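As structure tokens, one chain now follows by itself in the form predicted alone.
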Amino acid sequence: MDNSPARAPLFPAIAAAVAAVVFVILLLKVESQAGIAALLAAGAVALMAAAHFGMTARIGHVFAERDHVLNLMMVIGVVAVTGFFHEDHFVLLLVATVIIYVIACLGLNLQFGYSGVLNFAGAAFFGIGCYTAAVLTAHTAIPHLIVLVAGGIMAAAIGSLLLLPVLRTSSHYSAVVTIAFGLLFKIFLEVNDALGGPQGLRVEGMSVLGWNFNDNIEIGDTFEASFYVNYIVIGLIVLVLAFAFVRRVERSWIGLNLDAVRLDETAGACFGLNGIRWKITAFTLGNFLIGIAGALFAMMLGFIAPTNFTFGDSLILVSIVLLGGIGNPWGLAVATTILIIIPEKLQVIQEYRFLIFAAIVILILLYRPQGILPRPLRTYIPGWRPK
């Protein structure tokens, strides 16, 4: 006799996922500013109504019980949006950018969410990956898939230079150290003529086994898709691998140790945990993921410059982690979609987006520090629910 508790029905969660994909397609399709504003207002009202009647909590519980369904829904959603806009370069650029930013923010999540190491130099490590890709694709014949990994390794290696000052400080003092590194990195790029100086560098497009990613996809005489579909496919593959890696880390004894170090380093040390070692692990792995994302971003854009890696860009990455929910990798996808797509669609707020991002960080820290999708409690017993 099976005494395990019955699972909640899956249909409402699938319906909510389909509704979310349709909403994103409509948001990307509508061009008029009034229409976009009306659509966002309708979405906000629908979300508040669902929360009022307890639907969001029930759907969240279903996805928490069956996270593999949520993973599958997200992949299908990206494929559906890409298929719908397969000829629209601008929309597909936005989709690819969201995917790459989620990969980078998974790295920040390892640092912020799991070990508690603050890093406000995310754009600098992103830039290290970009410049590594620019140099290697221009001066070597290294396969471009290995260039992606090299971007991550270079970001992790240069990040190790920051370990000593970061580990000797704590809290906001370590944040100041990373901010200073980000500013120094941008100045270094601007005065370094070998890396293009303030004019930047051109980056070769990605090519794998003779498949040039910067060529449009043509099938027969009737079907043609934007070359950004290539980058969405490779980005989605990297994202799935990065997501699986982060989830494995979270659920393993490594994740438990990182949580212990973040929550109370002194108590962890009393139980024999080496907090320094686990912070180094999280900082290095996080920068590795950010560097990979940067290398892919550079090959997709084809051109990089120091102005792409300012403190404002680091603030965007931090805002995504805070808004999505610190420590929750699924929240990153929602927050990245909000912070990347909405400013691009609502041109009226383009000039004020950094001001809006800063305001979002302050408001979240004040009123909802756990973010849109808070990290759920660990459960080791099937069917157990917190009271």
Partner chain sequence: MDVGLVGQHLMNGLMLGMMYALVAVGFTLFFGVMDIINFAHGDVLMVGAFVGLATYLGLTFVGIENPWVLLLAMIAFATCTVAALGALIARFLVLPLKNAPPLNTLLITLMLGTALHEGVRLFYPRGANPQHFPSLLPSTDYAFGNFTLRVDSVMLLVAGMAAIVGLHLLINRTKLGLAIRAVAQDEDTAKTMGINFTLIVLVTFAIGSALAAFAGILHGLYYSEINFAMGLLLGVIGFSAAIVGGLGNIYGAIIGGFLFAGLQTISVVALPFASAYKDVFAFGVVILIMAWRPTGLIREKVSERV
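Numbering follows the first chain given and starts at 1. Note that this is a predicted model, so its numbers are computed, not measured.
Omitted here: the form predicted together with its partner chain. The next part is about that form.
- This chain appears without its partner; in the predicted complex, the one residue of 101, 278, 288, 112 with a heavy atom within 4.5 Å of its partner chain is 112.
- For the candidate set 187, 138, 244, 75, a heavy atom within 4.5 Å of its partner chain in the predicted complex is found for exactly one residue, namely 187.
- Note on the interface: of 191 to 199, 296 to 304, 145 to 153, 228 to 236, the segment with non-hydrogen atoms within 4.5 angstroms of its partner chain in the predicted complex is 191 to 199.
- Contact annotation for the candidate site: 180, 183 and 319 all lie close to its partner chain in the predicted complex (heavy atom within 4.5 Å).
- In the predicted complex, its partner chain stays beyond 4.5 Å of every heavy atom belonging to residue 251.
- The closest heavy atom approach of residue 369 to its partner chain in the predicted complex falls within 4.5 Å.
- Its partner chain in the predicted complex is not approached by residue 273, whose heavy atoms all lie more than 4.5 angstroms from it.
- Residue 173 belongs to the set of residues with a heavy atom inside 4.5 Å of its partner chain in the predicted complex.
- Contacts with its partner chain in the predicted complex, taken as any heavy atom within 4.5 Å, map to no residue of 10 to 31.
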